[in-house]
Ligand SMILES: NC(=O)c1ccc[n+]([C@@H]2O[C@H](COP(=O)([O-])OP(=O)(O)OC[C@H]3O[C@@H](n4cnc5c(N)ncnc54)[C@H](OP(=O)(O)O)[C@@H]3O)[C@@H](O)[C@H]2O)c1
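Here's a solo chain for you in C-alpha cells, the form predicted alone.
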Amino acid sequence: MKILITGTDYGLGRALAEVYLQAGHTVFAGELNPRKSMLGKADHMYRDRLYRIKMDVTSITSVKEAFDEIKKHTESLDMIINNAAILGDNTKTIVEELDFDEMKRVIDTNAIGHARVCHHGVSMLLESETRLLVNITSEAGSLGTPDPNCDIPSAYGYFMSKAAANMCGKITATYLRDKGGRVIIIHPLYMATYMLGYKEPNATFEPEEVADMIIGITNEPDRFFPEGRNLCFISADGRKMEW
C-alpha cells in the first residue's frame, strides 16, 4: 500500500511510519521539521519506500506543496493517517488566565489540520481500491466517555480540538459514503508522547505498541465497521468508543 502519515517527526507518527515500512508498504511521511525528526534513522533502511516530505498541517500552502511532491511519485494513496497533533496548556480552568491564541493553534493543528489534509488527499484516496482514511483523535474528544482522566475542568484547546477532529471524520465519511471510502477514528490509548516537551513517564503504552495495534486494525478494517456504515470510532485495542 501507499500511505500518507502526518506528524511523523516523533512519537506515534514516527512509530507508525516505521511499522508500515517494516511491513513492506510505501510511506509518505509528513514532517513538520525534517531536521529534528526522529525518523531520519529510517532513511538508509527504507530509501526506496520512504518519502520524507515537509508538511505543516496548519498551512494550506504547505499542505498543497506536500501533495504536489507526493504526486510526483504516485497518482493514488491507499490510506491517509491524520496523526499530527499538539497538546497546548492542559492545566487552567475557565476562571484562570487562558491563552486563547494558543487554544486556536491547538484546534487549528488537531482538527482543521485534518480538514486541510483531506481537502487535498481525498481525491487521491478515491483513485485507490482501499480508500481508507484513519484519523488519530482521542477519547478526550468523546462527550460520553466514562474515563475519569477526561473528566477534568481544563485542557480546553486539546479536548475541544479532538471533538472537532471526530466531527471532521464524520463529515468526511458522509462524503465518502457512496464513493466506497471509509473512515476509522482511533483513540491511541494512554500512550507515552512528547507533547509535554519530554516523553511522558507514566503512560501505559509505548508508541511502538500502539502502532502495532493500529496496523492490525488497518490490515482487517472490515471487522470494525457497523453493518451498513463506513465510519467507526474505536480505541487502538479495538474497543468501540462513545461519541
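Please read all numbers here as calculations on a predicted model, not as lab measurements. Start at 1 with the first residue shown and count on from there.
A second form of this protein, the form predicted in complex with the ligand, is not displayed here; the remarks below concern that form.
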> Even though the ligand is not shown here, does M55 get within 4.5 Å of it in the model of the complex, heavy atoms only?
Replying inline: yes
> Though only this chain appears here, would T109 touch the ligand in the model of the complex if you measure heavy atom gaps against 4.5 Å?
Replying inline: yes
>> So, N33 and the ligand: in the model of the complex, are they within 4.5 Å at any heavy atom pair?
In response: yes
> Is there any non-hydrogen atom of D9 lying within 4.5 Å of the ligand in the model of the complex?
Replying inline: yes
>> Within 4.5 Å, heavy atoms only, which of I81, C168, C118, A84 is in contact with the ligand in the model of the complex?
In response: A84
> Picking from 92-100, 158-166, 121-129, 67-75, which part of the chain touches the ligand in the model of the complex when contact means heavy atoms within 4.5 Å?
Replying inline: 158-166
